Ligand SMILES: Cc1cc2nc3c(=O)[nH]c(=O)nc-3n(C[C@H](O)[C@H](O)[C@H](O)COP(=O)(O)OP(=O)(O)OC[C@H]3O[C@@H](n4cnc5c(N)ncnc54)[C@H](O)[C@@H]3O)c2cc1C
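A single chain, nothing else alongside it, follows as structure tokens in the form predicted on its own.
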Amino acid sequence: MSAADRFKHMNKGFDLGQALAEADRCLLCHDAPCSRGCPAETDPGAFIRKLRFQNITGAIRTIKTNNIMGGACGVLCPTARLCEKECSARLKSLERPEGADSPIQIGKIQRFLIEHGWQTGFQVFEKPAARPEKVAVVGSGPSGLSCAAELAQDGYQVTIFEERPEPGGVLRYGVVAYRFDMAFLEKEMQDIKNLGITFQCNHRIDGPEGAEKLLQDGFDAVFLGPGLWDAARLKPDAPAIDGLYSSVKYLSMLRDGRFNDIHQKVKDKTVAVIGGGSVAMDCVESAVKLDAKDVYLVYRRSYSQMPAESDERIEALEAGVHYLLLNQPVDFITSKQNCLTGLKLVRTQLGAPDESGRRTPELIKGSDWVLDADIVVEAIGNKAEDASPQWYPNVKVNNRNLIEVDAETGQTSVKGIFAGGDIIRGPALVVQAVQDGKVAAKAIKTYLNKQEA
């Protein structure tokens, strides 16, 4: 199997028999705790109950009505620490003898139902009659798509502005295909396009007051969901180094037609990825699939402190990734031609807990050493673009250039402008961004109705 083939498709999901068998394990809880555990209010308790009684179209309708990105969330959500964590089937104890010590596989059931709807041609929504109000959505990631869909279902005329060639945001350009493939994304996008939303791709909204001017250009409200596309860097002011990549650039190359280029650069090379989150896991696993000779994950804390999900960490280990824990990268080693040859590290020890509750990594004096590496990927987080406050100068932002909003409405400090997704909370989950879009859409409807009154 070629490297390209290993990247094309994600693993197959449940079939009908598997989904029904899993739903049959459900305890049919009253006031289902799994539903309370879903940030996007997808209501797994309801759709699993409907599936169990073989009301399959009703189950699909429940998901899509509550969460237009139900397919993406079914695949990408860390369900083990959300809805499945709350599942009563896993709570076997003296007080709960009905438990089975194994939660219902909610994410896999959710994915099955969405795929079954596509296979059978079941359409949950019909394009509504158009209302006169126009809303601009900046960014086509999960929050923007969610907000747009909620508005479009009620007939509002929505235009999504996207700076990249295709819509989808992080789902298209920031997730490797073996976790979330293009065919799946295109089908989810079609559900949204069927609502009559207008997409303007290759259309970047920036410059002085760029976003705020949309209110002057005929739009009655604006939702800002541009995401975070600037990568945090170990040495942000250092000149470009051949062989050094941000996670944003590296993952984008795997998605946007430059696959052969990155494969040739990584094949038979030693790769080091800096970071301990889910993005870092995508980077190390993809390097293995790109036929790297050796792949190292470099993280300054311990294994148990890594923010990546447990199954992601285990998968990387099983794929052959070498973990270099308690090591802090401090510099890059380069040749005279400015090609990367190594990563300078300092060993660390754990000190007192910081504000996150994790013990702080402290450098061990005199423990410097160099890891030979041909490629280094920095997966240490994303941030808002430095110039982003200029796009909406009257919108209040914090010291990280994240937009400040009313948590109950998504309303910014500017009348008629709302925001959601990573631009308000920092890097977070797809399901949280979806909920931000839903919350803002509800508030936008209220705002526009008041304007009419």
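Computed from a predicted structure; not experimentally measured. Don't overthink the numbering: it's just position in the shown sequence, from 1.
One more form of this protein exists, namely the form predicted in complex with the ligand; it is left out here, but the text below deals with it.
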{"item": "4.5 angstroms heavy atom contact with the ligand in the predicted complex for Ala433", "value": "yes"}
{"item": "Contact label in the predicted complex: Asn382 to the ligand, heavy atom within 4.5 Å", "value": "yes"}
{"item": "Ala443, heavy atom within 4.5 angstroms of the ligand in the predicted complex", "value": "no"}
{"item": "Any non-hydrogen atom of Arg179 within 4.5 angstroms of the ligand in the predicted complex", "value": "yes"}
{"item": "Residue stretch of 25-33, 418-426, 52-60, 403-411 approaching the ligand in the predicted complex, non-hydrogen atom distance within 4.5 Å", "value": "418-426"}
{"item": "Contact assignment for the ligand in the predicted complex, among Ala152, Leu343, Leu228, Ala136, heavy atom within 4.5 Å", "value": "Leu228"}
{"item": "Listed residue that, although the ligand is not shown, lies within 4.5 Å of it in the predicted complex (heavy atoms), from Arg204, Arg258, Arg358, Lys213", "value": "Arg204"}
{"item": "Residues in 277-291 with any heavy atom within 4.5 Å of the ligand in the predicted complex", "value": "Val279, Asp282"}
